[in-house]
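Just one chain follows, in the form predicted on its own, and it is written as structure tokens.
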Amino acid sequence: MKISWIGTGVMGKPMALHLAKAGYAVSVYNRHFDKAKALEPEVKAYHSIESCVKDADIVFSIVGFPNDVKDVYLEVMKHVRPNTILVDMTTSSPTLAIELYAMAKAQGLFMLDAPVTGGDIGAINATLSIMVGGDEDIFNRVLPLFRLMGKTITYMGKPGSGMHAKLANQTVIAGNVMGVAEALVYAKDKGLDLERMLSVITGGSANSWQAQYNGMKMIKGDHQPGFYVKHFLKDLKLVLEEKKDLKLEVVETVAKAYQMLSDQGYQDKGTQSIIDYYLKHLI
């Protein structure tokens, strides 16, 4: 089986390498060629999407924004062979996922939307949670490859369902990450030792992934991105676009906070930098 991988950033790089280390022939493309080239010799890097995907049996992608996804697959679909499986693992628009599925089907191709959660650590350790929308028989064909990248793989249903599941997941994260930040700001204001406070949080019912992996970063002022502010803000905006008449107050509040951080130059910092929304009085 020949695999093509598009997008070798913080998430895509380790995910593609897991497939290569399992013995698959993996071709990679990144719009910045040096980022793809850096993965050699485990994989083969290409300068164009066409050269990367033309002989592929399956194409994976994990890029930045919905417009990137659309541009990538409009190009991919020009060059792949009939019956190729396309798997977008970007957190993107459910509406776009449905459109791309229909386009692929019309061209004799198969497409899954399969976004992930678990951050850079999950990608590196192959412990991601992967939620998948599309045809169940195609999901079952790709499942052995998903298992090389993730620990929890869930078939969610029809096209677009994977993306809707990811947006629901991001809604949970929104509340968690702001909750951890607010707890630490409150503790700091009351003169508590923040590291001891964090141990209380992670040792009890308030524990969460955000507390475990981003709590100490908040305390130390470490803004190194495991997940970028600009990408999380994109996810929250997608939730707001898709929610229709639902009242989602948490998402609305957290999106405003990240928008303000983005306006202040935090786009390429990690999501844990939300604590500066409070500490630097950006409210």
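The model shown is predicted, which means the values in this text are computed figures rather than measured ones. Start at 1 and count along the sequence shown; that's the residue number.
The form predicted together with another copy of the chain exists for this protein as well; it is not shown, and the discussion that follows is about that form.
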* Using 4.5 Å between non-hydrogen atoms, is Thr84 touching another copy of the chain in the model of the complex? -> no
* Asked: Are any of the heavy atoms in Glu182 no more than 4.5 Å from a heavy atom of another copy of the chain in the model of the complex?
  -> yes
* Partner proximity in the model of the complex: Met216 to another copy of the chain, non-hydrogen atom cutoff 4.5 Å -> no
* Asked: Quick one: does Lys243 come within 4.5 Å of another copy of the chain in the model of the complex, counting heavy atoms only?
  -> yes
* Choose from 140-148, 67-75, 191-199, 100-108 the stretch whose residues reach within 4.5 Å of another copy of the chain in the model of the complex, heavy atoms counted. => 191-199
* Looking at Val254, Val53, Ile62, Ala36, which is the one with a non-hydrogen atom within 4.5 Å of another copy of the chain in the model of the complex? -> Val254
* Structure fact -> Restricting to 202-238, the residues within 4.5 Å of another copy of the chain in the model of the complex through any heavy atom are Gly204, Ser205, Ala206, Asn207, Ser208, Trp209, Gln210
